[in-house]
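Let's start with one chain on its own, the form predicted on its own, as structure tokens.
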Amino acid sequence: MVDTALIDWSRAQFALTAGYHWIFVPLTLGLAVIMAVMETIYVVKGDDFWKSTAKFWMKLFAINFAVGIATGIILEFQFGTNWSNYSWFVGDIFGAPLAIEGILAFFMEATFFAVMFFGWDKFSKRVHLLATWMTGIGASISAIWILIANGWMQHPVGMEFNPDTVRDEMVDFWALVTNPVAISKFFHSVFSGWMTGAIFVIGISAWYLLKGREKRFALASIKVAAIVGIVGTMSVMLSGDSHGVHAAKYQPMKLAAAEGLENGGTRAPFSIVPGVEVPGVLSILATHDIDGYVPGINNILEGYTTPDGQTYLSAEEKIERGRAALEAFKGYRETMKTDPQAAAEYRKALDANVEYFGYGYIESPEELVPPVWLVYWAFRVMVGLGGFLLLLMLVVLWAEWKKRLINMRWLLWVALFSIPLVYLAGQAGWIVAEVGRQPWAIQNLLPVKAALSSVNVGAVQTTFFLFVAVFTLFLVIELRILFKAIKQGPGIEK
């Protein structure tokens, strides 16, 4: 029996480090595009104003980039400390994209970052511009390999269980790379970074306008950022549509929790808030068909049959088959060297039930239901703030185009105070993605409680609070450096 305190503290520590890391990553992705667009305008127009504008945002990018690397390294180390069973079980698969990310993307980012940040007077305009774009592309390449790994955890493909090594082993690398869940997750995450970078730039630029400073710089930055942000947010919505379809197909419990849907059916309603529903909309979002069937929490636990005759096992049946798989695996391991015939029979039983192997660790159907209230409200925070921020960028861009923005101080204040809101939206999205698939470390394959290391809970508690202190220190240091740089300003206008 796994110590529940160890499970809770290990999950809390990973959530802490992942949450902190995601403070820095989206700003890196967004600023990379915005500053590259600004430098492109400089190269095309030859106006040094745009060079100075790009250099200022590049300075803020560099500060954020450095801290993001530090938190990312700590995050990945946890797979070997707190989650060694996970790392052993699926290291052949999960380790591959992370290794590619480190070897390819990280070195690509580091190389071009050096040219970009220190090479303004050492390279031609076009070479420097290439380095700037490649730094941003490198950041996105880094993201795609990490999200391929995460997408595989949401929808495991391209592997087979080897009972001889007690590992899931990769048999199809291309299936891993083209995993539809990973692809939609990549676009959703990267474009949300565009939105984060845009709101950050708009908010800081609004502060300059409120102070009556750097007006040309602020207005130009707002225009570029708003366009990038609107494109990014619209793309987030499009990729979010595919997320809904994939959740309905591969993670129906997550979708049911996000909607608080206890009993599903055809023409399933979309819940705006408790008690306020729009009939049929959830079916459209999940299946692109108003008559599409969407199971609820109770349907998934009790088993159900879709209108087209497809039958899904109940939770009890899955648990029973999972335990049969574990028993067959145990028998196979005990007889594989002493009784080949018995081992063959056990192997046959294992292969027949291996799809439900992870369910053998589940003690009751209730374990398969994630915290519905948290997933439900996190989804609404994500969607609600995303819609608000899109509207904000549209209004700000319209006001700048009409030459009214400087006089609309209320709008500038809203833009400034929206900076934390875009981070809240991003964190809420990850809560839906990760908490929504609990209790699974790997969907339907390995529950969290079977993925842990055999460590003392006190050690995890100690490192948890150590990480709280270190990561908070990182954040405070970054904010102080950012605030100092922002207060100093780009120095374009006196």
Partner chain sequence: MITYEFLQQYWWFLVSLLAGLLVFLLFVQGANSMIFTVAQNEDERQLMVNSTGRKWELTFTTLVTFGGAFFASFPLFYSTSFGGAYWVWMLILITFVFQAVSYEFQNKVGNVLGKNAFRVFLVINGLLGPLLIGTAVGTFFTGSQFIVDKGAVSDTLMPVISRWCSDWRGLEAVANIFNVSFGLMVMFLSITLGLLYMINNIANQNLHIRLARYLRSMFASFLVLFIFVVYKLLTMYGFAVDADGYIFIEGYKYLHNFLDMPIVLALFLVGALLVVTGVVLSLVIPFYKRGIWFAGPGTVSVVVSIFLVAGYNNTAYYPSVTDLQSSLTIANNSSSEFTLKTMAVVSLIIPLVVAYIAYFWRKMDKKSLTTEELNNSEKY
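Treat the numbers as computed from the prediction; the structure is a model and nothing was measured. Positions refer to the first chain, counted from 1.
Omitted from view is the form predicted together with the partner chain, to which the following refers.
The contact residue chosen from W401, F77, F417, W373 relative to the partner chain in the predicted bound form is F77, the criterion being a non-hydrogen atom within 4.5 angstroms. Checking D291, E317, D339, D172 for any heavy atom within 4.5 Å of the partner chain in the predicted bound form turns up a single hit: D172. Stretch 360-368 is the contacting one of 347-355, 201-209, 360-368, 184-192, since its residues have non-hydrogen atoms within 4.5 Å of the partner chain in the predicted bound form.
Contact here is defined as any heavy atom lying within 4.5 Å of the partner chain in the predicted bound form, and by that definition each of I63, L104 and F117 is a contact residue. Shown alone here, G95 lies within 4.5 Å of the partner chain in the predicted bound form, counting heavy atoms only. Within 4.5 Å of any heavy atom of the partner chain in the predicted bound form lies no heavy atom of K215. The partner chain is not shown here, but in the predicted bound form it comes within 4.5 Å of a heavy atom of F112. Mapping the unseen interface onto this chain, L16 falls outside it, with no heavy atom inside 4.5 Å of the partner chain in the predicted bound form. Residues from 305-339 that approach the partner chain in the predicted bound form with a non-hydrogen atom closer than or equal to 4.5 Å are L326, F329, K330, R333, in the order they occur in the chain.
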